[in-house]
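There is one chain below, alone, in structure tokens, taken in the form predicted alone.
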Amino acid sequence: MSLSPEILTKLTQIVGENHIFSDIETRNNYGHDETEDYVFPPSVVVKPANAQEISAILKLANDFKIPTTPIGARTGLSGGALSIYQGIGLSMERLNKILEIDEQNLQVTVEPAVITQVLRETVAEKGLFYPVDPSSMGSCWIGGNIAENSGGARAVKYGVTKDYVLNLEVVLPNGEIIWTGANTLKNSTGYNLTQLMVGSEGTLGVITKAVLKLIPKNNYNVLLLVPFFKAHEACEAVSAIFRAGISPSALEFMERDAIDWTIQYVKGISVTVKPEHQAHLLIEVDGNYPDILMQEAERILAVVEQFEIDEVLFADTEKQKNALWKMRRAVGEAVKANSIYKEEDTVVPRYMLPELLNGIKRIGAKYGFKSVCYGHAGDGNLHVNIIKGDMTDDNWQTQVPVGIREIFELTVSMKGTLSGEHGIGFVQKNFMDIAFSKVHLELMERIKHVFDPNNILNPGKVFPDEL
């Protein structure tokens, strides 16, 4: 859709002429994230500086029923920031300050465009820890993490974004500005609007400030890389580690192709991968007492030695630890660099991981596609990268979506669901009927309507097209 000169003039008056852009290069740049090769340019990109300017923009958009899409760092993998219906692309990049670190109450107040890694490093200087660490933490923003309820490698011990959000300042679609809760650890006062906003994917309101919980920082960690001769045994070992009473701070699964492609893609990684290795587990334990950590590492060894494994690598220097984490975090980029692909974000109870992995491979063989699997095995979250390779365009367009639906049906049959941390956004919305009944979906749609009766805020996301 094109916006009238009147609307463009009003937007310019709100944000200033240096913060509104209608040229095609800028619009294209803000019209994509990391979701496959989709590009949906907004009609105009505006860059407000504060909640008051966002309020004025949304009042205008609501009055004239203009689709408005909040745009963060554009690192998402479900198309949540795509301007499907054009309209206003609401870039949050100027709201990028850490406003207050409350060391007494272990809280931090931030604006949405603070980079996750910057927040982690800033509070670490004060002996504090913000545990949420998505693979893209060096570039993703806190606001997007909240909108998608992002997880990461250390979710297995410390939880995901929702577990650290205490209170939010939000601009509603009609321009009203509210705080959703209180800066307290406990709150049983009315409906929990804070947690309703977390994971709502920018469809209910625009987050302009967040009060996050912090915890004391652990000083030590031990990192192990365990090679398995059978991929399904690597998955079986995950549940066995927890049943042995061990609580790793991270437990990551990478099948053979994931490691091979990443080693080729990322320089400076020295890991020996024998032809017989089918998968690896990357296992971390952390704490404040090195002797106890070594005891836990020995207990982990005792568990994994019950399976067919090769020599375990103990990362005993920071350089080696960083290299292993770099390898794990770069898997998605490496796959994308090698082939056209689709990434799905399945999650099941962790004891079901072996069956899920086998099922994915079986479905891939049925529909003629190859997959590379990796992810946060400790909490049952398996990322499935479906590779186009030498598939014909016709099969890629017709067979793969059928196979993906079958993968999700398998996942839900195992008491799992469609997404563990990437969100539904644009690319998964038409699979929602697998996870939810019509009653569920209608309730969600009614909630959306209460907040956004004119459906201006991030339309075309989450809800199936037929609703």
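Just so it is clear, the structure is predicted and the values come from calculations on it, not from any experiment. Numbers for residues come from their place in the sequence shown, where the first is 1.
Keep in mind that the form predicted together with a further copy of the same chain is not shown, yet the notes after this line are about it.
Given that a further copy of the same chain is left out here, which of 264, 295, 317, 272 has a heavy atom within 4.5 Å of it in the predicted complex? Going through each option in turn, the one that passes is 295.
Quick one: of 372, 160, 281, 88, which gets a non-hydrogen atom within 4.5 angstroms of a further copy of the same chain in the predicted complex? So the residue touching a further copy of the same chain in the predicted complex, by this definition, is 160.
Joint contact, 115, 342 and 396 to a further copy of the same chain in the predicted complex, by non-hydrogen atom at 4.5 Å: The answer is no; none of 115, 342 and 396 reaches a further copy of the same chain.
Using heavy atoms and a 4.5 Å limit, would one call residue 432 a contact residue for a further copy of the same chain in the predicted complex? Residue-level check for residue 432: yes, a contact with a further copy of the same chain.
Looking at the partner-bound form in the predicted complex, is residue 300 within 4.5 Å of a further copy of the same chain by any heavy atom? No, residue 300 is distant from the partner.
Is there any non-hydrogen atom of residue 107 lying within 4.5 Å of a further copy of the same chain in the predicted complex? Because a heavy atom of residue 107 falls inside 4.5 Å of a further copy of the same chain in the predicted complex, the answer is yes.
Does the 4.5 Å heavy atom contact test between residue 239 and a further copy of the same chain in the predicted complex come out positive? So residue 239 counts as contacting a further copy of the same chain.
With the partner removed from view, which of 253-261, 317-325, 178-186, 364-372 is the stretch that lies within 4.5 Å of a further copy of the same chain in the predicted complex, judged by heavy atom distances? Correct option: 178-186.
Within 359-376, the residues that have a heavy atom no more than 4.5 Å from a further copy of the same chain in the predicted complex: Stretch hits: a single one, 376.
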